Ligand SMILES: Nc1ncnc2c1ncn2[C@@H]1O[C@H](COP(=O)(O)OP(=O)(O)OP(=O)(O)O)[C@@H](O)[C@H]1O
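There is one chain below, alone, in structure tokens, taken in the form predicted on its own.
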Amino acid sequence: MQGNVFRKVERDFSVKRQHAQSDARTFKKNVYDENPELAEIENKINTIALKSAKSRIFSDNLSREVEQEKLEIELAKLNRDYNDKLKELGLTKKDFEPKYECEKCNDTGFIDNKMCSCFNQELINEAFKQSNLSKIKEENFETFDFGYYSTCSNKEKYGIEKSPLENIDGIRKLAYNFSHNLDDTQQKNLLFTGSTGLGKTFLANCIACEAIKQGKSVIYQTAPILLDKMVDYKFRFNKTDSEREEYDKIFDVDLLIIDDLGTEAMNSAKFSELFNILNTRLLKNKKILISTNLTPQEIKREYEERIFSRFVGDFLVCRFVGEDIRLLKKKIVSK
């Protein structure tokens, strides 16, 4: 990655960590201001702990043992009093600890001098300007809402025997299993098809969120931006190491999500790059999720046979049906 990208992410992590620590200190101060007896007990605990440390260093063996036993009894009582008071308030000592976004590295970005997966993902996000991934805190499997999908079957309207609710329930389960088995060589990639507003992007965010939770790297980009970026790289002279690394990551990240396939203005160079993405990642067993408003028949008509054959052989097609959720939400708000 470019040095300025690395430094920016490093600064962002430092600020994020400092905010978490500052919030923890503020919370503890507020609790202590309202419950001064807690602060008093903690001060006594700290004083006795200091006495105990001094006793180990400066006392002779006999007096040290006697003093240590006395201090340990006193310290145990104070700790019980402290924990009892916290319990009365519905708190534990853990509530005073900083709430880091990443519990593995405590928002330092590194574990034993090795880059944490969260830091690596932020580098990818920054390099590819992945605005879609900013939504994964709100759009994930926990917040997925089945309430927008009808329980009524209508084969003539939807083209399938199942109701939209039965259909999306099956797709959600498939998506969840997919997100937890990205290394499985037997698992196929996913192709989300269907009209706009049926939950394709939301469910793609769910998968991205779950993958990142497991320490997997994810690139989430729209087809127009991704293909423009790749073609631009291919025809650029004097490529930098950072540009080459960004290009390579498209083939190497654990999960590549391509949204809005079919909205790009295709040409021979983009056809070539799309095939290159599919073929290379399939050979490397690197998972792909593609979302499109096109039907499989439209994909066959719009793209080359060699591209369509990859979809047929290596992807599970998930067809989204139902009513436009965006319009349903507007109706609810307007009531």
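Since we're looking at a predicted model, the values are computed, not measured. From 1 onward, residues are counted along the sequence shown.
Omitted here: the form predicted in complex with the ligand. The next part is about that form.
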{"query": "Listed range touching the ligand, judged in the predicted complex by heavy atoms within 4.5 Å, from 79-87, 239-247, 226-234, 138-146", "finding": "138-146"}
{"query": "All of S14, Q18 and N106 within 4.5 Å of the ligand in the predicted complex, heavy atom check", "finding": "no"}
{"query": "One residue of D169, E74, D260, D254 in contact with the ligand, assessed in the predicted complex (non-hydrogen atom, 4.5 angstroms)", "finding": "D260"}
{"query": "Selected contact from N177, T92, S195, N154, since only one has a non-hydrogen atom within 4.5 angstroms of the ligand in the predicted complex", "finding": "S195"}
{"query": "The ligand contact in the predicted complex: P164, any heavy atom under 4.5 Å", "finding": "no"}
{"query": "Touches the ligand in the predicted complex: I325 (any heavy atom, 4.5 Å)", "finding": "yes"}
{"query": "Partner contact for K330 in the predicted complex: the ligand, 4.5 angstroms, heavy atom", "finding": "no"}
{"query": "The ligand contact at N293 in the predicted complex, heavy atom, 4.5 Å", "finding": "yes"}
